[in-house]
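A single chain, nothing else alongside it, follows as structure tokens in the form predicted alone.
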């Protein structure tokens, strides 16, 4: 009788622990899509990720991981931050340079560790993608799947892909970036908003003397600037942005490279050499865009995450970091809710007010790079959250800490 009771009790516990969503379809195998896949897999969900690219090529630029993003990743996958550190670069100094490549000022970077308990890491986007993908079974990632729409009812959501492919799931997450096909089908708010500056970026492995290990460089020009990031293993990422009314893209890779070199005509040889050493096809040319904040990004069994939900200018370096917050919070909501509707409502309540402020401040922050009246921009930013000073706003971002791990 005792054995029978124990078996019955075990069955009841198993039933209670089963997720009310079993199959989750995620569109987009970028950083956000993979992070939320890892998180939901921990809840026992059958998670399938669909990516339009035909392969995982070494693409993308360098990015900065800050305390709030790192705390989120660590809560999703304990120990992953150490792996990222080993694959990237812990920034020890920031270096301000003029356009000739001469160092103007060097500042130590210790406030993140001292004040927020996390370091500041720069890493290659592609390497971080590979780290996240390695936490999932290979059978869970489906390349060459371009989403073209979906339909849903009370039982499931049907997702449609090119070439007549179709899958069904309990939940659909659009993590397919700023030009999200899921967002367009769900919200239909049109193309992103151009913010007035163009971006060129890449990662290369070349001999260079402009940046020492452990340094992050910033070069300020006339309505233009360049970031230089060590991203580990001798690789360096350069990111060049310029204020331009024309947001049209180059027709050929060689034209894109020539465009950057023309803009840098008066710059020092050490900086121009980085661009000259870059194969043209490896330079990613994009307009800096965002969308106006949404009041809701979920309907029925469908929701959005990361750049699909709240694309923002990179000025505050919160694109990826806020996306990792999304991934953690969405999984936590499904941990604690008893229905899809409850989970998605809680997800929106926890994320939309925070990301709305990040989006608005990021757009203003982008203009701060180019204006001569920085004080006016600072005042505009302050109006968005008058209850917080600049330092308090920074604390509000970086002090974000998940209160529990997902496992």
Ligand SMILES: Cc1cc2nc3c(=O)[nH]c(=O)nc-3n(C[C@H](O)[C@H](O)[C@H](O)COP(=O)(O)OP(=O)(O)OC[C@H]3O[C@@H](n4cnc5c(N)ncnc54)[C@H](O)[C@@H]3O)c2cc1C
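Positions refer to the first chain, counted from 1. Small disclaimer: the values here were computed from a predicted structure and weren't measured.
The same protein also has a form predicted together with the named molecule, omitted here; what follows describes it.
No residue of the trio 67, 358 and 388 has any heavy atom within 4.5 Å of the named molecule in the predicted bound form. A single residue from the set 226, 76, 271, 147 has any heavy atom within 4.5 angstroms of the named molecule in the predicted bound form; that residue is 147.
Contact with the named molecule in the predicted bound form, defined as a heavy atom within 4.5 Å, holds for exactly one of 101, 293, 177, 92, namely 177. When the named molecule is considered in the predicted bound form, residue 320 lines it closely, a heavy atom lying within 4.5 Å. Shown alone here, residue 345 lies farther than 4.5 Å from the named molecule in the predicted bound form, counting heavy atoms only. Residue contact with the named molecule in the predicted bound form: residue 173 places no heavy atom within 4.5 Å of it. In the predicted bound form, residue 31 approaches the named molecule with a heavy atom inside 4.5 Å. The candidate stretches are 105-113, 212-220, 241-249, 177-185, and the one lying within 4.5 Å of the named molecule in the predicted bound form by heavy atoms is 177-185.
Shown here without the named molecule, the chain has only 201 in 182-212 lying with a heavy atom within 4.5 Å of that partner in the predicted bound form.
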